[in-house]
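Listed next as structure tokens is one chain, alone, in the form predicted alone.
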Amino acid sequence: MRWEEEEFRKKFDVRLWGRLGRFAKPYTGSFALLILVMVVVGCVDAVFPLFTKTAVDQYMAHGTTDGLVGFALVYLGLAAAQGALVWFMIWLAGGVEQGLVHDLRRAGFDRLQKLSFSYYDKTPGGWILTRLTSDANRLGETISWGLVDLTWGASLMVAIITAMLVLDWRLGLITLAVVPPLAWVSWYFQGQMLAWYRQVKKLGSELSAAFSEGIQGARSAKVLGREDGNGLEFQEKAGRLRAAAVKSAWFSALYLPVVLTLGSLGTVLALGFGTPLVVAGTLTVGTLVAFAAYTVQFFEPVRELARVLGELQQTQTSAERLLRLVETEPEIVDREGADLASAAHTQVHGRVTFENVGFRYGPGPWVLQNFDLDVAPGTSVALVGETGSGKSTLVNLLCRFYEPTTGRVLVDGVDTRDRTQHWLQSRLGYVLQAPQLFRGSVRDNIRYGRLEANDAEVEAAADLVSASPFIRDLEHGFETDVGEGGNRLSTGQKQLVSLARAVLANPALFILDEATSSVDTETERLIQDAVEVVLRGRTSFLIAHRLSTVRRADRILLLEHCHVVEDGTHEQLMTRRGRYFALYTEQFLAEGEKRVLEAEA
């Protein structure tokens, strides 16, 4: 299914920001203190032009210096207090910002742990990464510093308007005549900037997904000679992003000069109407100077408010995207009371039953229909068949990574949906075809199967699967760093570490998905011997294309078109000379021919 970035077209959405309130709630005290500090800072800023008025009217106009020292000391004291308040505000807002970013990322990561496999089937990794990095950063920055600027701007504007109307209400109303057109200009430009910024974020997310795919598929691209083609596709995506970013920047760049022009017009009005009043003697020079200062000062918070409102609209895109992730509900949820039922049944005997199970991925074709299977405890079951026959689907349903569309899956006679996901999956051991290791030591990767395990238990698990010999030959033994994704180990070594990790968890049910498909013959034999030891007494399902790896299984199920067409031991199926016999013979001859050619080479 082709994935495309979702579109967001809403204008400023108050309810959306209300939904973000739960992340801001822990910082209510800090926000209240920030608001108080910024109100004081805004009011103090509005006082400084009054000091200028006093200096002009009282000292300059009368040519006296009486009381000037005291005046200067008060001014310096106020400036020092303002500096201290600003320092405190920066420290407090910075702490709130980092706290919010941390909480948003934690919420996103926690949600990712709960989402069903179907979410990852249709969502690119680059999309997710963008939400938890740039979107979370922008939200934390805008909420914390946006509150600072909004409070300061609003307080300063109210204080300036009050001061101007008190000094001369007529000149104050004339000067404020530019506010309505400024409001309209701000509304228009912010709408345009929001639309283009949403487009930029959408295309940026698509580009991040392309980056991620390009990095993961670098080897395949080189092998297939697709470097130039990939470069052209990437260039096309990057070009669309650049064009949208330029358009967004164009509106942002045009908006500020318009605001500055209107602000200058306010100064012109103050000087134009105020100068005749000074000449007529009805207005002091100091008052006119204060008005001129106020007109310049007034449009600074106006610009800041407009900028913050613009950023809020731009950040709304990040909020929409991150909340879409955080609020996504998993398709598979535990039933009410399942936790209590699970707590009462800790032991798993291992009987697995599929009752009339049908399954399909979304609206797609049926992968399984009317499927029935009963597996006795301690039985090893091998699933073989062509690609798409339903092998992986069966084990995914057993693990409850997906749920049946019809019918039910039972463990020890109980529907898996009547237990919690944690109860079931903590009793499973799953070894993947492509083993996934994490950056860290070999010991840490094995311990990932049971975090409370001590060093002796980790080494015992490695001994059980015959991984200890190669581990002890590594430079630092069990403390050797495996590298990113385990890239410092061979595929067979990674598989043995994965097997040891699964064994350490001591699962009642074991799944091996093509565990030997990518290893050499010698390593395959080593893994098979380890698997035989591990699976003893456990119910297990083995998915394999190499039929030589399933000969020791208690039951072999040959699947075709979502149905079991043959069921029995290796010897029974070979005796029947049916479909399994034909597949096994064909593979045996092909592998024998390959060995002969390799020996001759």
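Just so you know, these numbers come straight off a predicted model, no measurement behind them. Counting begins at 1, following the sequence as shown.
Below, we refer to the form predicted together with a small molecule, which is not included among the displayed structures.
Of the candidates E484, D473, D529, D121, D121 is the one whose heavy atoms come within 4.5 Å of the small molecule in the model of the complex; the others do not. A heavy atom within 4.5 Å of the small molecule in the model of the complex is found for exactly one of F299, F371, Y402, F510: Y402.
Of the heavy atoms in S392, some are within 4.5 Å of the small molecule in the model of the complex. At a distance threshold of 4.5 angstroms between non-hydrogen atoms, M157 is out of contact with the small molecule in the model of the complex. Taking the partner from the other structure, the small molecule in the model of the complex has no heavy atom within 4.5 Å of any heavy atom of Q113. In the model of the complex, the small molecule sits beyond 4.5 Å of every heavy atom of E331.
The stretch in contact with the small molecule in the model of the complex, judged by heavy atoms within 4.5 Å, is 392-400, chosen from 237-245, 135-143, 267-275, 392-400.
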